[in-house]
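In structure tokens, the next block holds one chain alone, the form predicted alone.
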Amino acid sequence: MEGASIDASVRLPGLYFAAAAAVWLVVGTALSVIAAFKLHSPAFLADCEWLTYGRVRAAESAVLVYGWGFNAAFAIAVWLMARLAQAEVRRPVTLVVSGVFWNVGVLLGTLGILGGYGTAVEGLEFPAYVNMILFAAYAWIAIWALLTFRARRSPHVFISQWYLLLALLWFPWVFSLAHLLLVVDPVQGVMQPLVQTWYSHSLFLFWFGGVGVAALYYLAAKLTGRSIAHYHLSTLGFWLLVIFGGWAGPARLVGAPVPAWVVSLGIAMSFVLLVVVCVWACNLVPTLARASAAVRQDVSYRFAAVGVAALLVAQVASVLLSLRGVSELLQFTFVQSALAQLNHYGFFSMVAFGTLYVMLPRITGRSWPVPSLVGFHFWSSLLGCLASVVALSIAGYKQGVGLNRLPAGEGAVPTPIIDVLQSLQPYLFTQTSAMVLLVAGHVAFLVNLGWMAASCCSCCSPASSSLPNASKAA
């Protein structure tokens, strides 16, 4: 019953953060559809200044990162920390109040971007006043998670907890410093792109990467019922990530007006991260491969397996794209968008879905109301993400080749940019269709979650401590 009491203590904040994440996910991907549609139909909603491409694209990015991503990460981090520490969450209402402030900040920031008051900084698109609200709300949520860790009854600190602590402690440092140096009192010259790439790289690698990898280690062990393969290597991967991971950001600045040694250092550190990727592969792939046939039918296992594959492919692709010759061809093309989607959706979102499908039935004591929607969500997410990444990758390669093609013969002129973009229309249309498929899957997830939350009241029975099997409809 100890596990049930721990799950019950997470019920209120877990449901709140998961529901908020699902709502923002639908809003964010709806904005993604609008932005994708404008790439091949520029006149779409052109008369509404709130929905111009620049504003919609910035709002989409901010909503998916701070609305969907952070709310899902909060839910997962609080639950995993309580589970692994074998400690109940004290005063869970405090977490909900902090979550309300966080989401009010996200709402104000989104309206500010659409109203024309956003910044031009990637990852910090919200107006400056919103970042203060987000920082204060985050501080309370992180403190409560750390207090849960401090109250742990388990003498052993698992590798998942290491990654959670890394995420919880690293984000406020990089967020506050980037806000100060890029928004409040912007630095000048070459320092701006260096700070910006450092922040965006750290945001994904240490916050989303930390929570996502922590969840993968937990899911791999719990779903398969086996210990993590080569577990002794996990600490090596963790410390290599901590020591060298933050230096890899400048690899994105090939050709930028920054010192050459800074870019070379970033490229070198990207190759060091390959060792971290190898450790993750040695730990997670054999563990998941040993799952029984019954476990492989569970949708949580499928989401986790897709997340592991996307993580490994995305990190290897990041290293390849950091090479100077490759970067010169593909740096300013849709290939970068494909890589970002593979990282944020193929890895983090897939892992978050898998964790939520395990977590929510535990903390509510309810099975998923419509199992068929669970299966639809998985296949729409997988096919939509795959189609979008492939379409953007092909479009980006053709775009890079077209823009860098040298004309032959005296007096010849380069290929006009408009002709290059017109040749990409079939791929951009495919990407739009993929985004529509993703929206459909996210609506199914939101409906299922809303139905579950509605059926869960204060007098519901304690959550079962066994893993649910109601999501095997996929």
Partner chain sequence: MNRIALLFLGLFAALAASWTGVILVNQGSVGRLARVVDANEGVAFPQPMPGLAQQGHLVYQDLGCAACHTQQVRRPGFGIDDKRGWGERHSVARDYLLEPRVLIGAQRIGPDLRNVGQRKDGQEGRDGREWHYRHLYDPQLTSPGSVMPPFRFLFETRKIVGEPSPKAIQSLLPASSQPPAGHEIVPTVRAERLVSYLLSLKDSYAYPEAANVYVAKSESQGGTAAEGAK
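Just so you know, these numbers come straight off a predicted model, no measurement behind them. Residue numbers count along the first chain shown, from 1.
If you look for the form predicted together with the partner chain, you will not find it shown, but the lines that follow are about it.
Heavy atoms within 4.5 Å of the partner chain in the model of the complex belong, among the stretches 349 to 357, 114 to 122, 288 to 296, 212 to 220, to residues of 114 to 122. Residues L169, L253 and Q331 are all found to lie within 4.5 Å of the partner chain in the model of the complex, as judged by heavy atom distances. A heavy atom within 4.5 Å of the partner chain in the model of the complex is found for exactly one of S367, Q86, Q192, T94: Q192.
Contact annotation: of the candidates R226, H230, R324, K398, the single residue with a non-hydrogen atom within 4.5 angstroms of the partner chain in the model of the complex is R324. Within 4.5 Å of any heavy atom of the partner chain in the model of the complex lies no heavy atom of F429. For G375, no non-hydrogen atom is located within 4.5 Å of the partner chain in the model of the complex, even though that partner is not displayed. Using a 4.5 angstroms limit between non-hydrogen atoms, V439 is distant from the partner chain in the model of the complex. Proximity of N404 to the partner chain in the model of the complex falls within the 4.5 Å heavy atom cutoff. Contacts between 243 to 266 and the partner chain, taken as any heavy atom within 4.5 Å in the model of the complex, involve I243, G246, W247, P250, R252, L253, V254, G255, A256, P257, P259, W261, V262.
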